[in-house]
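A single chain comes next, written as structure tokens; it is the form predicted on its own.
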């Protein structure tokens, strides 16, 4: 049935266009022969096609535009005739004899345009005559297009200041009156469209329906008909709204309308019509038009009048968008030049806008939270542009938002996104998190966000800090900041972390880690307080977060340790401070201990060794020994994976080798433990490599006291035995001798210590190893290994290069035969 209606409308439009074109043809023929009487006759018949009530606004517009094009040609003819013999006054009288009122008025407007141009009568009189006569058409659709045509042909002929049609007296008021009257009448017609009768309904003869056909005919359509009809009319009215709005645009273009005239006449008349029409669609659209078409400075000076109309609008009007649009325009106006800012202070713009928003929210208790937050967000943006120095205004807006949110529970959906934008505005404006920390109501607004959005806002805060390289330099500020971003550092009740993508989780935790690294204060005492504050907050993070957040805290604390140690060396012995290396190390020990229970023992072991090295730099032997002890305990009790054991053992050996603060007894104990762990690794190759790595524990170049050649040789021999055992196992399990890489690695260790001056490493032992490797590589059971071949060749080339150096080095390497 709907498709049938569309097809019928197309037929009516086609018929109307055909009739219009036919009469236009005869009109043109009459114009060509200068037959005014026939031209008027056929033009009236042509315009009669616009009397139809069958077309929708969209289709009627197509028909109207064709008629409009023909009327422009007719206007040109009238203009030429008025310059020749025909009197324009007689022509103006002649067109009023057309039979039907609608064609008569279109022709009258066309001739009236030429009449004004001729200047044979004051423009104001002709315009007044035309706008009054148009009252004769009260059909909403036909009346709107007629008055739109009047507005179109008269817009460049208004008696404005500087216009050629300006009279001797103050004719600007006449121009204003004409446009306002036309606007008022058009708005009335537009509003009336919602109550328009669409014509007689077809009567349904129920006797011709079966029972099933009857329910099909009236059941569904009977229920949904009124709703669909209303929706259709709303759509049609929306299509026509620009016809009404163009009047306001014309008003805004009148040069003679100064601030005084706008304030005393134009705006009150417009608002009177807006309020009195009591139509939500018209009120919303016209308020938006007023805001968009008139100058910003006029809005600022008439703010009280404009805002006073808002509470008088229908409750269903989207006043939120209207006010947001007004505040956006005023914000842009304020941002355009600093010279206009005193005007905002003078008219008390903030107080008026804040009061208006409060009244609107109070008058609409059912306004959704999203709407209220949008209003406050627009007011905040306005305030940040106009009063950037007034933090009390910003906090007042935040407080008002908290009041609106109270009792609403946790927010979701569009409201949360709007709050994120709302809270981000101060960060973007001030580029300093310190400002946000001064706003008492800022964290209160955050409380109403759901967990997911809380994380989003926390990310926004951290990224703002990083982007602006803001340094948070006091413990109090750090505590306040970490309260703001607790969505990222604290386990939440909703369990949202479990649903989160692993990469996203790592990224957000890395943001927190970077933030911790940025915390700094020149005063060691305050820096220690900052570290303690951060520790208190991140310890609530739970097992998933701690591996990300504890390491940056440890490294930041270690930087403080080295700074304090450097200051202690330069300070007098009498200075006393609580931020001592020992105290910091106690905090670090407690912090790392938490990691071992997460459990991430490999990370905890690594951090224990970092702390041990820092204690070594501070010459704190007992502290360093304690950290090593904790690392050994973790290795023995918590690390069971063979690969993790190998990695951990290399870390232990490497760190222990760099330690200089240990006495003989402590060093021997730790070294003995390390060599013992090496021999107990699961795989023989791992054992071999760990054992020969331990040889470095007995020969440290920068420490004269640690050069025990015999124990180095013992380690290397032990490694050789293990390598030989690995070779034999390969023969048993694989039927081949396997790779000789281990032997080549041990050979390189022999060469290293030989070159360093270890007298226990002899030429004979090196020569024996070279022969062993050569024999193994040439044996029938040897497995081809290009990497091992390249490694051995490189080793031989190194020996040859040492021989070629000359001097004592060449003399030392000369006995080695390669």
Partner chain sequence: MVLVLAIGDLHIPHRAPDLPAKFKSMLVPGKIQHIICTGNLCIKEVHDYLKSLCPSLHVTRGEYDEDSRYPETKTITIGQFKLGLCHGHQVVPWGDLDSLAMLQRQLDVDILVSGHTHQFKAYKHEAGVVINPGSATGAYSSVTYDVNPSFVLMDIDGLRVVVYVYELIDGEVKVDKIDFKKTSTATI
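Positions refer to the first chain, counted from 1. Worth saying up front: this structure is predicted, and the values here are computed from it rather than measured.
We do not show the form predicted together with the partner chain, though everything after this point is about it.
Heavy atom within 4.5 Å of the partner chain in the predicted bound form - the one residue of 653, 480, 446, 439 that qualifies:
Only one listed residue qualifies here, and that residue is 653.
Which residue among 403, 253, 305, 510 has a heavy atom within 4.5 angstroms of the partner chain in the predicted bound form?
Selected option: 510.
is_contact(residue 58, the partner chain) in the predicted bound form, heavy atom dist at most 4.5 Å:
Residue 58: no, not in contact with the partner chain in the predicted bound form.
Taking the partner chain as it sits in the predicted bound form, is residue 692 near enough to touch it, meaning that at least one heavy atom pair lies within 4.5 angstroms?
Within the cut-off, so yes.
Taking any heavy atom pair closer than or equal to 4.5 Å as contact, tell me whether residue 794 reaches the partner chain in the predicted bound form.
Result yes; residue 794 sits at the interface with the partner chain in the predicted bound form.
Do residue 756 and the partner chain come within 4.5 Å of each other in the predicted bound form, heavy atoms counted?
The answer is yes: residue 756 has a heavy atom within 4.5 Å of the partner chain.
Tell me, please, which stretch of 419-427, 482-490, 451-459, 741-749 lies within 4.5 angstroms of the partner chain in the predicted bound form when heavy atoms are compared?
In the other structure, the partner sits against 741-749.
Judged by heavy atoms and a 4.5 Å cut-off, are 469, 518 and 614 together in contact with the partner chain in the predicted bound form?
Judged in the predicted bound form, 469, 518 and 614 all sit within 4.5 Å of the partner chain.
In sequence order, which positions of 426-454 have a non-hydrogen atom within 4.5 Å of the partner chain in the predicted bound form?
The stretch 426-454, when checked against the partner chain in the predicted bound form, contributes no residue at the 4.5 Å heavy-atom cut-off.
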